[in-house]
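Just the one chain here, laid out as structure tokens, in the form predicted alone.
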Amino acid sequence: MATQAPVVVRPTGPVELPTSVVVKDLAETLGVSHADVIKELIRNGIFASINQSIDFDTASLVAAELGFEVVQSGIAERASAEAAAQQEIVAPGSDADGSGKPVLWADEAPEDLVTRAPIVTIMGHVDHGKTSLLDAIRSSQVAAGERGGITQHIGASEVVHNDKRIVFLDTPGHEAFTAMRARGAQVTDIAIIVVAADDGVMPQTKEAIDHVRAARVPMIVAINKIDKPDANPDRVKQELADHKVLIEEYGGDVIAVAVSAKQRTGLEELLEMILLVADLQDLKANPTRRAIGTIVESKIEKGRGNVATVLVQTGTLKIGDIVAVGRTSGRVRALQNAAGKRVKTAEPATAVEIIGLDDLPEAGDILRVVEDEKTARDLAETAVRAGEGRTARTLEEISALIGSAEVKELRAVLKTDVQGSLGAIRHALERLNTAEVRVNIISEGAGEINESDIQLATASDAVVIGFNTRPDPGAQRAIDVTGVDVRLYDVIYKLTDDLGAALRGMLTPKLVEQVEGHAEVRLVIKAGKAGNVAGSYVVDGRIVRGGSARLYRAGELIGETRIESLKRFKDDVREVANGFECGIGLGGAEIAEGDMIECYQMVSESA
């Protein structure tokens, strides 16, 4: 006789959720499986394990997707207003439903939505004219006497074409674009890939294309420098086709526009194509709700204090609004637009500088208008906790998710020593695919693993596979910060064995101890309830926050603990290197001057 499945009772009324909740507890509260919760998180571009905490905004978004009405614990009387303002943290254009089309903010009434301006990022190879093209677009608008001309750079620019606004992000390239994605923000609706007609598709062009594809953002190709004597647009089109970018002329769906930033030609057609793609996306927002936006950049200015540029994506931001912004919060004391003018409000798809934050936010942080200062502080504290616990997903973790049917693909960035190896390895990996799971190579190339590869893997929750190649210094620094899983191989069958095992959900981590460094305790600092802090000097290697620790006294092991906090002066830091002083919090361990702290971590054995 078959065992009867247990009856799961789903809540029938509004579900109360706290400011933050563990994924597993959320599933139990809703009466659904943790797999259902994690699937919804992944659909919305949020990756969390069953034991990780998520904030109320994220939890309410997941619950709404699963058909539940949610209120925040203790504040049911303001639930409807808060739900409207705080449910959604995924930006329009972020492909939350996997379709590649922009998504709207949750629970918006159709009658409240209005058409908004498209947000555009320009990318491409160095010296192909990204900055010149944006400058040419700006200056042509000013010369034409149209409103929207820019007199001041605040990280974003606005132009008006045919009485329609277009917002350009002044990012330095695909690195910033992907760094924001890695922080959970995706603000770009359209990407312009600039390719020089006299130079063709270059390595950074290919990288930019890979980053845009991974983000599922529509692209337009601007073939620049057509005024040059050796310009060859047809060669550029063929090279794009070789990289699987088919323009309309070649039977594809990617628009290509020939331009000359130097001679100001083709700009009108480019702007028209941007508006055409925007019309096809049907970009909308609700200007009547509380504002939600994304930080583009931040800085400290003399006489103004903490200044941040926010791109408002939905709702209207007003002077006096209380906001939570990533790990900080504050009250909006002043707003200044891209033309350098003081304004009282900022509607959707508008970039403004704001003054009034308690600390500097980071690019990619989400800004939300909330009801009161306590809510703002709670959200900021939740963001701090979530940020400290956030690490890139390892191959073993992805394998476990595959084993529990929570993901359907293993995303990989593939780098090899020479171009000839790519085809052989790609073919070998394709043979591992099944009807249920597959390897998705989101980027491939020959040469050393670089920082751009690590950024793309971070933003896409991918692993990096290297064959007969290694990370360059910039990539290694990025790996240390992000924790991206990089697998290095020199034999193809070993590579396919590991990835095949991961796809089957059977990969077992091989952990080895790695001693990071030692620090001598020179001063014991009383820190009240938080426990004592060891004022220490790093004598070799490095000390890493979150690492395991052994405490030695006179050469004898007296205990094992964990490095819970690490400071340089008053600043929290991730690590402290040899030859520097620092404050080490050891989670209540009894510390004495002269003790030696050994920092170590358990890491996967390298391939």
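None of the values given here were measured: they were computed from a predicted structure. Each residue number is its position in the shown sequence, starting from 1.
The following text describes the form predicted together with a small molecule, which does not appear among the structures shown.
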Are all three of E444, V491 and T496 close to the small molecule in the predicted bound form, meaning a heavy atom of each within 4.5 Å? no
So which of H211, K225, R116, K415 reaches within 4.5 angstroms of the small molecule in the predicted bound form, heavy atom to heavy atom? K225
Report the residue, out of D112, E436, E373, D127, that has at least one non-hydrogen atom within 4.5 angstroms of the small molecule in the predicted bound form. D127
Any chance Q281 has a heavy atom within 4.5 Å of the small molecule in the predicted bound form? no
Answer with yes or no whether I274 is in contact with the small molecule in the predicted bound form, where contact means some heavy atom within 4.5 Å. no
With a 4.5 Å heavy atom cut-off, would you call T394 a contact of the small molecule in the predicted bound form? no
State yes or no: in the predicted bound form, is some non-hydrogen atom of S260 no more than 4.5 angstroms from a non-hydrogen atom of the small molecule? yes
Looking at 365 to 373, 283 to 291, 532 to 540, 226 to 234, which stretch has residues with any non-hydrogen atom within 4.5 Å of the small molecule in the predicted bound form? 226 to 234
